[in-house]
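Just one chain follows, in the form predicted alone, and it is written as structure tokens.
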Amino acid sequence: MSVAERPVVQEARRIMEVCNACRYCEGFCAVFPAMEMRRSFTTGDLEYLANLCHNCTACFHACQYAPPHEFDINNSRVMARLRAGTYEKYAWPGSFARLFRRNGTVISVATAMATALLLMLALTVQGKDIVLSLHQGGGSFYSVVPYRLMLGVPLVMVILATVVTVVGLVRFARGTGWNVKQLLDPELMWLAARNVLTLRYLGGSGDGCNYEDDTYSHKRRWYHQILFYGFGLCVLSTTAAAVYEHFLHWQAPYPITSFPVVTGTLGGVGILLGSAGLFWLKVKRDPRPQAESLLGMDVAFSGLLFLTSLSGLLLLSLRETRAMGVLLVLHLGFVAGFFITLPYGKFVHAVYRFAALVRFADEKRRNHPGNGIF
């Protein structure tokens, strides 16, 4: 544990010890049942609990010891700070861990540079006349960005992002004192996936969470689900397009009624609505249980998703006009920015949280066998 981590780890341990004695919030989310399985808390335990936390802030608004009480119990804020620390601590390569600091600036600069580089290459290699010309029919996208470039560069970025993220995940599991092999247990993965697909732990005690104020609301849960399923539809659309291209030998762009276009359009709209809604909630949120230093990371990630989706929908709408070439380059630039920064931004929270949910399912199975709580 580094010197920079020590205060937040000590504060998290103090809060968990108080909460473990109180247990008023045990029905709110997975953090408190996991907490109750422990009598003491190692650094690894606390980092695991921090990533199990969904930051719904329900425990803050329900806590009788929250500020201005002298106990000063602000579990949501401390867990958020500790959670962000795990992203940097377990990042790989370690020399890139600093990218989590001032993450909003890093994402903005990386995306701007990727977009500018792609536009410059297109104008230099293809020429202004080609980029700004009218292209129609199958293969028109490749008239602006060559096929090998459009396929090869994203493929390399996806592979690198996947490798870096998986290595970080393994480091996180080992660093928090858990058996990495359990991540591949089919039953545990299904239990965790079910919680993810339903966003069960953004429901608080059942009436929703207190993300904005002391009133209950399901809005954050709804926006998360819209964004999550929108992203999933976009992945499905991309996969279907790859099948069309490489197995059926049908070149993009595809008809409006085709499967890749329909799923991609629905997914893009979902990402637009979900990211915009979450940004709106961040503006309205109660600052007391939040880690304000993480606002840049959250906003940059939501903004990048929004711009990627918006540019894709505009490209779909204007693909048979002279604006297609510029819109294609802009969209690819936003996509490149997303994958370049993916292992060093907000996206890793989904990976670590899924691992934490798998571990939680494992602990419940071992500590409460056969009681039907799954």
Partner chain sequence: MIDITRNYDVLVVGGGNAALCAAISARKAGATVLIMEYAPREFRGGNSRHTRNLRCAHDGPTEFLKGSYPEEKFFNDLLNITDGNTHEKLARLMIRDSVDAPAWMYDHGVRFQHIQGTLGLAHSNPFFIGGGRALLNAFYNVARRLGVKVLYNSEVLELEIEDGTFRSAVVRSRGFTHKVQAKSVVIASGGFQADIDWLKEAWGEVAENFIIRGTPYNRGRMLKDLIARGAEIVGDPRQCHAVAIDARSPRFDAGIVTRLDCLPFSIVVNKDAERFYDEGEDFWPKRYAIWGRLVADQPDQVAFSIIDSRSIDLFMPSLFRPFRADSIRELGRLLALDPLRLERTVRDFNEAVRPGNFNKDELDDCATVSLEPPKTHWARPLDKPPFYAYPLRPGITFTYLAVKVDECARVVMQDSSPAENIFAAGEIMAGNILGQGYMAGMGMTIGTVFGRIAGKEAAGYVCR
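Since the structure is predicted, the reported quantities are computational estimates derived from the model, not experimental observations. Positions refer to the first chain, counted from 1.
Just so you know, the form predicted together with the partner chain exists too; it's not on screen, but the next bit is about it.
Taking non-hydrogen atoms only, Phe259 never approaches the partner chain to within 4.5 angstroms in the model of the complex. Contact between Tyr216 and the partner chain in the model of the complex is found at the 4.5 Å heavy atom cutoff. Contact check for Glu26: a non-hydrogen atom falls within 4.5 Å of the partner chain in the model of the complex. A residue is said to contact a partner when one of its heavy atoms sits within 4.5 Å of a partner heavy atom; Ala62 meets this definition for the partner chain in the model of the complex. Residues with any non-hydrogen atom within 4.5 angstroms of the partner chain in the model of the complex fall in just one of 227-235, 110-118, 268-276, 206-214: 206-214. Residue in contact with the partner chain in the model of the complex (any heavy atom within 4.5 Å), chosen from Leu310, Ala323, Leu330, Ala66: Ala66.
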